[in-house]
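As a starting point, one isolated chain is supplied in structure tokens, in the form predicted alone.
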Amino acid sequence: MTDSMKKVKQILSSATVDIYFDASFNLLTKLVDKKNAVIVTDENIFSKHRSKFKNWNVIILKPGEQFKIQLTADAIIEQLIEFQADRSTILIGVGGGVVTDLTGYVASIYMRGIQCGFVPTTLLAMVDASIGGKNGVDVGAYKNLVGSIRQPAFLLYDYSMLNTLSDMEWSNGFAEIIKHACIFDARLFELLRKNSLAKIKKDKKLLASIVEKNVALKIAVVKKDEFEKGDRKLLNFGHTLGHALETQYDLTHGQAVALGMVFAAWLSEKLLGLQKSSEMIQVLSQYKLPTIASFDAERVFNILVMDKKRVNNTMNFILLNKIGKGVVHPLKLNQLQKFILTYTELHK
């Protein structure tokens, strides 16, 4: 434990989630019984933090989004059987969003459901991927097409795990932080605008406060709408086009979402009269995220139509009334296709 550790209990409709901010990985030994726990991590995390996993039952995965598939979930289940895991077993995902997604998904289906907990090790996982209970796997070009909503029993934040992150992974995380600011919190947006990636990385207190703020924002939405019937849809700002770009081009999640947000801001200007979209583009650039890309409109649209936010021939697209205020805006698919074609023509 650290002197500054903070525990927050969040009660959701389907579970209670204990969140430990600024904690040490070693706290795990107090939260769970090692004999009844299995850690899921990937090769990169295991090699960088090998000593932390000593005397734990560990399942080590290949790293990367390309392994977030049913085949990997099946392999985890086979190893759980080898460990003789039963309904008292708790599965602990230690890693980024791929690891936590897979861990939560397997926990929701193994023996019809066992407990899980997460130790997110990337900024993106800390502020977004590990929060809210969405778990799943990709199917071909379609991201998160198969999955479940199952809350973890706990989230443990050990900020020292961020010390090994690449610059690209830091930017990935800030894509989601900027997203939260754009749809929910103009003051957070201003704070980001007045700072930089380099400054926040050096200022540990500022970093911790930004992480905690983003967790609070997402948890508040999940509490109101755990199963995505209303406001939780807003969290998909930038993700509709972003997911399609991510699966078709060599982009990280954060890069793809950043490009998706720029398109959504452009669309917001056209449909809702959004002003100051240039400020959002500037902030994305400050955090080393892309804002311009040319892409094949038809190819991307054909993937986008299978997005989970589509209902029949309508897509629930997330737009901005203003910075800090996101809205769900239904669009007919043929309208959306025309907008994407126009946008790509402008950015050739």
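As the structure is a computational prediction, the values presented were derived from the model and not from experiment. Residue indices: 1-based, along the sequence shown.
One more form of this protein exists, namely the form predicted in complex with a small molecule; it is left out here, but the text below deals with it.
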Taking 4.5 angstroms as the cut-off for heavy atoms, does residue 103 touch the small molecule in the predicted complex?
no
Do residue 195 and the small molecule share at least one heavy atom pair within 4.5 Å in the predicted complex?
no
If you check in the predicted complex, is residue 57 within 4.5 Å of the small molecule, heavy atoms only?
no
Wondering, does residue 63 line up within 4.5 Å of the small molecule in the predicted complex on heavy atoms?
yes
Looking at 147-155, 268-276, 95-103, 204-212, which lies within 4.5 angstroms of the small molecule in the predicted complex, counting heavy atoms?
95-103
Can you confirm whether 177, 282 and 286, the three residues that make up this candidate site, all sit within 4.5 Å of the small molecule in the predicted complex, judged by heavy atoms?
no
Give me the residue from 320, 45, 304, 39 that has a heavy atom within 4.5 Å of the small molecule in the predicted complex.
45
So which of 169, 225, 138, 185 gets a non-hydrogen atom within 4.5 Å of the small molecule in the predicted complex?
169
